[in-house]
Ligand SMILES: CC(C)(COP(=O)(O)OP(=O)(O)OC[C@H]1O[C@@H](n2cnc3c(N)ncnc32)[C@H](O)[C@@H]1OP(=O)(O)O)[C@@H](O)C(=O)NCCC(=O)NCCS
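A single chain, nothing else alongside it, follows as structure tokens in the form predicted alone.
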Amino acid sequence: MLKPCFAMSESEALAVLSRTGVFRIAGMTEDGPLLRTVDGVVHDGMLCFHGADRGTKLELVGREVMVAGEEVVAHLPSWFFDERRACPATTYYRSVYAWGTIERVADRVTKAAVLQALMEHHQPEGRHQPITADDPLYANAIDGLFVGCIRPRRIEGKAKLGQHKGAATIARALDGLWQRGAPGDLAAIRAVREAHPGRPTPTWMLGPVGVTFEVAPDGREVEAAVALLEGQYWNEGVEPRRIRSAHLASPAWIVARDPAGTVVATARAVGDDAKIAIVYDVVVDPALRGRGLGRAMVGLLLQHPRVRGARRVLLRTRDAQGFYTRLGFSPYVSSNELLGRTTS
């Protein structure tokens, strides 16, 4: 019996399957159980996939099947929680199970729409002619491919993110993820915190003037960050799309939110985790400057897993030398001539 604290809504469960893009489909055939893994997409509320119009998977058409998908949020080692015992090691994850009947899609318009949806998911950069039913470029492919869809009659999702654990355990999990800093750990911090909205925020994520730092910002914060950075002297002549792309591609990026949830400061860095890191785009809302927010934010950025291992941290500034000197920076003059170029 699934504990209510782990249960996901149907829309949340479909979102997991949509993000993973991989379905494991299991069912019974005349020869026994059959399991197949396919690239899939959620389209119009249906679980859709495609493949060659042959093979054993076609034995499942018209039969009741079970579809499974999962996301590993983080593997949490035992030492996050106990210095000696192996027992506390665990995994936080989201898993989804759906039940329904595989239907063969025969309508060419629907087949084309499913194939286009698959391309948009697995090749989001585009760079292909959109698939439509009346395009002769795709006529043979549409007619020759098998497209199957499952309209779930039941769907069940489980988000195991420590909801049954106490506040002290969750605090240790968040601290451990920040200190380990492996790929995916920062996104896991955000996922775990969102699953525990009533739990205290770790002290290292709290800043002055009531702000909270987000160490895994994404598309939900990027427009607010761009708005703060547009017009700053170092971004003169830089289009907003480039500022946006730079932030989404940065391995180290943090923002600060005020108590109302508004993004009021942002900072990012790039580097190689070993020799060098370069700090960029540090800005605080003018209404909150001079109150310690910038210092706290840069201090946290310097402790970021993608920054703290660098032997040298560099930045450029035209008017904030005093601010950065107080944070331990000093003028840096390379013995080599600095070269560079600008592209359009």
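Fair warning: this is a prediction, and the values are worked out from it, not measured in the lab. All residue numbers refer to positions in the sequence shown, first residue = 1.
Form predicted in complex with this ligand: not shown, discussed below.
Chemist: Exactly one stretch in 47-55, 34-42, 311-319, 65-73 has heavy atoms within 4.5 Å of this ligand in the predicted complex; which is it?
Modeler: Selected range: 311-319.
Chemist: Which residue, 99, 93, 79, 234, is the contact with this ligand in the predicted complex, using a 4.5 Å heavy atom cutoff?
Modeler: So the residue touching this ligand in the predicted complex, by this definition, is 234.
Chemist: Considering 307, 282, 60, 300, which brings a non-hydrogen atom within 4.5 Å of this ligand in the predicted complex?
Modeler: When this ligand is considered in the predicted complex, the option within 4.5 Å is 282.
Chemist: Wondering, does residue 324 line up within 4.5 Å of this ligand in the predicted complex on heavy atoms?
Modeler: Contact check for residue 324: yes, within 4.5 Å of this ligand in the predicted complex.
Chemist: Taking 4.5 angstroms as the cut-off for heavy atoms, does residue 27 touch this ligand in the predicted complex?
Modeler: Answer no; every heavy atom of residue 27 is more than 4.5 Å from this ligand in the predicted complex.
Chemist: What are the residues of 291-321, in order along the chain, with a heavy atom within 4.5 Å of this ligand in the predicted complex?
Modeler: Stretch hits, in order: 291, 292, 293, 294, 295, 316, 317, 319, 320.
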